[in-house]
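So this first bit is one chain, no partners, the form predicted alone, shown in structure tokens.
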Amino acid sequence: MSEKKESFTYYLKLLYPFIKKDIGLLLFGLFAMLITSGLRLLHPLILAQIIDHSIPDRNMAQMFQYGGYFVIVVLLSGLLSYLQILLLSRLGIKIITKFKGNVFSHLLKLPVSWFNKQPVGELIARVESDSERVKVLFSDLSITIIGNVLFFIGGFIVLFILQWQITIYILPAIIICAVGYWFLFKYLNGFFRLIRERYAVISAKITDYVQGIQMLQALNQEKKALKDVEQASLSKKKVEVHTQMIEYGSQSVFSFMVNVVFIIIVILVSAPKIIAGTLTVGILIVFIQYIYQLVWPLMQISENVMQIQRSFASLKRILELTKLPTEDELYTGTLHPVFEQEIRFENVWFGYKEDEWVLKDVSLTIPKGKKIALVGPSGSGKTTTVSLLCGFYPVQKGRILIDGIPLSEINFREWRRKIGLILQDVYLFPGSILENVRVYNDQIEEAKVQEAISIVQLNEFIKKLPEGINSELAERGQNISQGEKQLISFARALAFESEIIIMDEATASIDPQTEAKIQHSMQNLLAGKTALVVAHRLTSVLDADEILYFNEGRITARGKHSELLNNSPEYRKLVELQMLQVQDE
């Protein structure tokens, strides 16, 4: 597929579903532009009639008649232009809102592995800023460029009919300008895309620095952040300045050609005819008026096409996202998950990069209703094991079985509904405590949320708040403690009636005193549930039915706490280190 075909025909076909319901408005805009272009062609012709006939004949009645026609044409074309801009602007907003929704919907279905490699700011730039630039494809701009092309063609035809001998003199210059601009557009398209990419880099950096502003200020690194953003901005500026110099420089040359060269040609060719009496002054004025009126359509066409080129550059970046395979395409299992007996890892291997194994031949069993703990040094594969069980990544070697059924054959969305995931860094969404517990799922009744809050012993804290469960949380829950965040995440798992509770370092960032307070809440949370607990602190896993010790991607020891103390020097050393830490604290 050629680039031209891909840029226009291919992408317009992809965009058609967004505009097919409002195709009537687009057709009206096109019709209004046709009428407006025709009316604009009448302006100089009416003036020519007044100059060539009404004034020489001293016919005031006829002059006022043509003057009335002129006013009507101007008012009618202005009204149609207003309606066209009003309706198409509304259409553009409507379509781009739907377009953004579809793009965001696709993003939500992309695998976790893809998001781990993407800067947040760049995604925001793609979904928001690039989408806004695409909006011009649906607004009055697209119809305007069609109208300008039609007006130019219509004006040229009228001039050719009036005086083809003069018109053919300016035809070569027009062809040269058109061909020159075609090559210019093709050349600038790559720069427009580069500008959008560098804008996305700037957005990514700003987003990252704003999110980490507290650490930047604490370490006095504001100047370093400013310098980094300035360098990225300078990189974009260089490309943008170079592009604008070429773009506007070419427009200046084009404007000189039309405004000066074309008029000189017309006067030189028409002056002898006027003197000889074979050409009227009115026709000369028509030519001059048309040339001036044709200049702006040509200038607008060039500017409009450049804007559309920018829009297609943004559109291409956005559609690259929508072409990425979603989880529904990657994980094709259809079986309904039935968990009555056990979860089993059989000789599982996994690596985030090729030939760099994070898990190496891992086998483990999680019986229903039991509590299994994963411990070991950082980077040993504990969190990766959890991620595989949640279906965030596919197993590369070996398999995970749910009651003997491979996880790859199970519907991943139904499987995840059985899991309550509690992480060390609890993410709280904008909104109230109620909405954060049920995560905007209105099917979970408030009574169930209240019950979950009571079970995890968060109700005393909530009673102290001015609006109770409806109290608003600050961004990322900055107005509550880490322990209270964790209790909210516990309540989430209960409210969603999760069968399997996965806790990944859930108490790692909580001080021992706070951890002791929420131990009872954890017991309530895990009562009657199947639990997989990744723990750095061993106090939360001493009562586990089995503890698995991970080291360098392998399970090097397994058993209950007392068994590992006797049989595993690595586990015993870990326990001793933590006992020393507790004594120090």
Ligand SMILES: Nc1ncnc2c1ncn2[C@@H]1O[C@H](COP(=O)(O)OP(=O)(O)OP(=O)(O)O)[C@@H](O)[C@H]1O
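Keep in mind that this is a model prediction, so the values were computed, not measured. All residue numbers refer to positions in the sequence shown, first residue = 1.
The protein also exists as the form predicted together with the named molecule; that form is not presented, and the subsequent description refers to it.
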Of 443-451, 280-288, 317-325, 370-378, which is the one stretch near the named molecule in the predicted bound form, taking non-hydrogen atoms within 4.5 angstroms as near? 370-378
Is it true that V358, T383 and Y393 each have at least one non-hydrogen atom within 4.5 Å of the named molecule in the predicted bound form? yes
Listed residue (F156, Y187, F104, Y352) with a non-hydrogen atom within 4.5 angstroms of the named molecule in the predicted bound form: Y352
Between N220, Q231, N116, S363, only one gets a heavy atom within 4.5 angstroms of the named molecule in the predicted bound form; which residue is that? N116
Contact with the named molecule in the predicted bound form for Q424, defined as at least one heavy atom pair within 4.5 Å: yes or no? yes
Would R40 count as touching the named molecule in the predicted bound form under a 4.5 Å heavy atom rule? no
At 4.5 Å, heavy atom to heavy atom, what parts of 536-551 sit next to the named molecule in the predicted bound form? List them in sequence order, or say none. H536
